[in-house]
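Before any questions on how it binds or moves, here is one chain, the form predicted alone, in structure tokens.
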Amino acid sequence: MYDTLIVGGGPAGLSAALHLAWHDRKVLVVDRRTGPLFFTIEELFNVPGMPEVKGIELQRRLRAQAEEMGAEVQIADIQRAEGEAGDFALHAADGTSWRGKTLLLATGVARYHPTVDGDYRPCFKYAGKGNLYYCPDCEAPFLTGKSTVVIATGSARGGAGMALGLSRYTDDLRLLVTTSDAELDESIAERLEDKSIAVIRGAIKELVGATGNLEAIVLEDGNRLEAEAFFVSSPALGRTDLAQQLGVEMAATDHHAQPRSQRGDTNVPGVWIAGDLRPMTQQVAVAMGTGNIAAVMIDQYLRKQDVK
């Protein structure tokens, strides 16, 4: 029986594990190793105290520090969560199960990559490795002064909003709308025109470039879009399947789990949420902070149970 089970080994989950292990709690992190930082070799410039750290290096440091403090980390795909405060159970795809008194969900979000001839996997060659970006809060300054193509993989309106928002970093922007939702209302179209942001519509046939550096997008109609940087506008939906199994309330409009307070506690006693699963920005420092806050609250909760 663990004091705390943590699902998700990104910055939020590992930061929480570090704090709990420091307080001599028996804590287990279970992770699928599919989070974006495991594959991010671009440098992160806005993580306090760690300037120009690469995402993959940040992951390595966080895990090493948590394990050195006494946290356990297991690689598994959790399919089912059940139980109540004092006795939760996690069940992995391979049949392994773990039990814990409390539970922290830091399961992150599912991103939608642009599809290339119907397949999203070609983007893995470039995402987080050079000049294909996804998070304005994390990566927008990389665009400063560069020719940029914004790729709308969700709604055309969402892509237009991102392009307009990124116009403070560069004047050289184009918007590629790859979805069937390709229409823009007149007011948005006028704002794009005022910013000289051309709108191009079409499906992607090929990505051209060396590993880590995307040079051009070739469309099915043969149009070739060359740029120095590419930015994906896509839905980022919380991985809420485990939260929903436990009865955690969902945020009303943005497909994330809903905390009861900034402490990360939920409507289900003994269950906390942290990181990108919460309805907030997908930023490393923020994820680490929410993980640490949740861990402090979990430790205080366990301390009260110890007293009882």
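If you're wondering where the values come from, they're calculated on a predicted model, not measured in any experiment. Residues carry their position along the shown sequence, with the first being 1.
The form predicted in complex with a small molecule is left out here; the points below concern that form.
- Considering the small molecule in the predicted complex, the lone stretch of 161-169, 132-140, 205-213, 180-188 in range is 132-140 [heavy atom distance within 4.5 Å].
- Taking non-hydrogen atoms only, Ala156 never approaches the small molecule to within 4.5 angstroms in the predicted complex.
- At a distance threshold of 4.5 angstroms between non-hydrogen atoms, Lys54 is out of contact with the small molecule in the predicted complex.
- The small molecule in the predicted complex is not approached by Pro259, whose heavy atoms all lie more than 4.5 angstroms from it.
- When contacts are judged by a 4.5 Å heavy atom cut-off, Ile41 counts as touching the small molecule in the predicted complex.
- For the three marked residues, His19, Gly264 and Asp299, no heavy atom of any sits within 4.5 Å of the small molecule in the predicted complex.
- Interface residue among Cys123, Val149, Ala76, Val199, judged by heavy atoms within 4.5 Å of the small molecule in the predicted complex: Ala76.
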